[in-house]
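Here's a solo chain for you in structure tokens, the form predicted alone.
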Amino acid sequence: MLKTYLTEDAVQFKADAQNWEEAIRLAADPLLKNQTIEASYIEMMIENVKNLGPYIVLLPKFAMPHARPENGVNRLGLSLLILEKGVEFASGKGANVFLVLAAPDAAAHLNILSELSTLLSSQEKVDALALAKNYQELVTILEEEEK
């Protein structure tokens, strides 16, 4: 299912971002362009981190920015940004893999989260994601996970 949503136009590889806010904006851009989300969703993801701290950093190197459906989600979607050089949050936590989740309701994304939790249960897989340089490398990692 991750592969279904992480199409080539939803995935970006960049050298760096100025800060975590820019990383979230960059990561969400494909979803904004294809109208999966509204600009308000991006702003709310950033506000949530400012207000609640970097709760989106689920593991070293891996962050999953998200907000509530009513903050501008039009349909279920994922986008992914992989930075060569990670960004740090005020707490000292850092990430270079940003997987933006846009869920239109409380249930639509549960299958995605289940598959994602399997992928993230291996730090080796997270490290491989963080080192991916192109879309084909990402697909290989996701296909290995499906086996």
Partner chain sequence: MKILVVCGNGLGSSFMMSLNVQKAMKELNIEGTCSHTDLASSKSEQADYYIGSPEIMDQLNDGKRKVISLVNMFSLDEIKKALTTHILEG
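Numbering follows the first chain given and starts at 1. As the structure is a computational prediction, the values presented were derived from the model and not from experiment.
There is also a form predicted in complex with its partner chain; it is not shown, and the following applies to it.
- Proximity to its partner chain in the predicted bound form holds for all of Asn51, Tyr55 and Ala67, with the criterion being a heavy atom within 4.5 Å.
- Though the partner is left out of this view, Leu116 does reach within 4.5 Å of its partner chain in the predicted bound form, counting heavy atoms only.
- Proximity of Gln12 to its partner chain in the predicted bound form: non-hydrogen atoms within 4.5 Å are absent; the residue sits far from the partner.
- At the 4.5 Å threshold, heavy atoms of Asn134 stay clear of its partner chain in the predicted bound form, well away from it.
- Proximity of His109 to its partner chain in the predicted bound form: non-hydrogen atoms within 4.5 Å are present.
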